[in-house]
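Take a look at this single chain in structure tokens; it is the form predicted alone.
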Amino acid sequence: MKKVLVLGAGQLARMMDLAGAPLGMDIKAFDVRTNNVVHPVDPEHIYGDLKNGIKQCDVITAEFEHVAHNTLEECEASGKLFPSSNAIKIGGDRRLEKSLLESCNVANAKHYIIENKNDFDQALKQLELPIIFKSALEGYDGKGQWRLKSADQVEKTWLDMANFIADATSSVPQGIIAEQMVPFDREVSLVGARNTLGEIAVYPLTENHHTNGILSVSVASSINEKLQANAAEVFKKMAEKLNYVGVLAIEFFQVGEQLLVNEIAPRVHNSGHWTQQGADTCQFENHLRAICGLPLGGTHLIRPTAMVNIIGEDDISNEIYTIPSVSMHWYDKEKRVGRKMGHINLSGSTEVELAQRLVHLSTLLNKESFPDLSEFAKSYFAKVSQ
């Protein structure tokens, strides 16, 4: 029985535990808030501190990239950490991420790194409006971002960012990445895995829709072979450059027939939750297989599948269970505005059937909690019905 310690005790660790149980794996989670090792599904069970957790496990991994560097170093020293601390740090710092993209010669948005007012002024000279500014550290789900669309916003934007940098409490100095805003056609992501033997398997590209900066819907359906091959090649370059082990997610902007990397996530990813019902082997099992030295499972799309995030809501109508293939995944969290509380997976034998079920689902959900799901579902139905 492989014993795995996950850094972080949120829903991703929970789903790793649920995927690892049939494989006979023993999964524990290190809660970075309490510094206790706990059970991922029942955190009231405590198994000691990090030092004890490292000693008791065979393999260490992470469910998020913003892990304290001293924690990563302690885990790295054990020789049990996969992916490496370097890969995790890159996922948590957009400056390191951009450097990796450049070293791999991977297409991404034109950008400039800002750490002071002079850098900000230079960025305005190097880039054209509109510009999006993203915090180098700890920015996710639309947080730590500013959009500069006109010259009259320049002074206020810099003051907001300067205060943000000054108020940073991270052990690593905070910074800002200025990016040329890309007029993209859609946002897509690729989730893939690489194991300890260097074997690679990638899932189909997934189309992503965001609401208020938070991922709300991901759809895995028909594949553009050219784009899929392009994304797979980017994955291979980056995974091999990092000697990466585990699941890695890459988010892209699609501009015509070109893919520009937006950001990477060195972990299982929200846009890959559809794999629980849409692939032979879900991303959580493949991550565990990868870090434990097992062969990777099938990543082909076995049926069109969509994932709908449940944001800030803890009560869903039981009517949704009347929809064939619907699958609920609650995270057992306390309700909070803007918080990911769970997700719904939905499948169909064809894209049209999936779209019909997605439209039906949207009629059964609270429109305040799922404000643009109906619009997205109808648009998707119209597209696949042509």
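Note that residue numbering begins at 1 and tracks the sequence as displayed. Because the structure is a prediction, the values reported are computed rather than measured.
Although not depicted, the form predicted together with a small molecule is the subject of the following passage.
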item	value
Of 93, 263, 207, 313, the one that lies within 4.5 Å of the small molecule in the predicted complex (heavy atoms)	263
The small molecule: the contacting residue among 157, 230, 84, 180 in the predicted complex [heavy atom, 4.5 Å]	180
Distance check, residue 145 to the small molecule in the predicted complex, heavy atom within 4.5 Å	yes
Contact label in the predicted complex: residue 134 to the small molecule, heavy atom within 4.5 Å	yes
Distance check, residue 253 to the small molecule in the predicted complex, heavy atom within 4.5 Å	yes
4.5 Å heavy atom contact, residue 184 and the small molecule in the predicted complex	yes
Segment assignment from 241 to 249, 73 to 81, 305 to 313, 172 to 180: heavy atom within 4.5 Å of the small molecule in the predicted complex	172 to 180
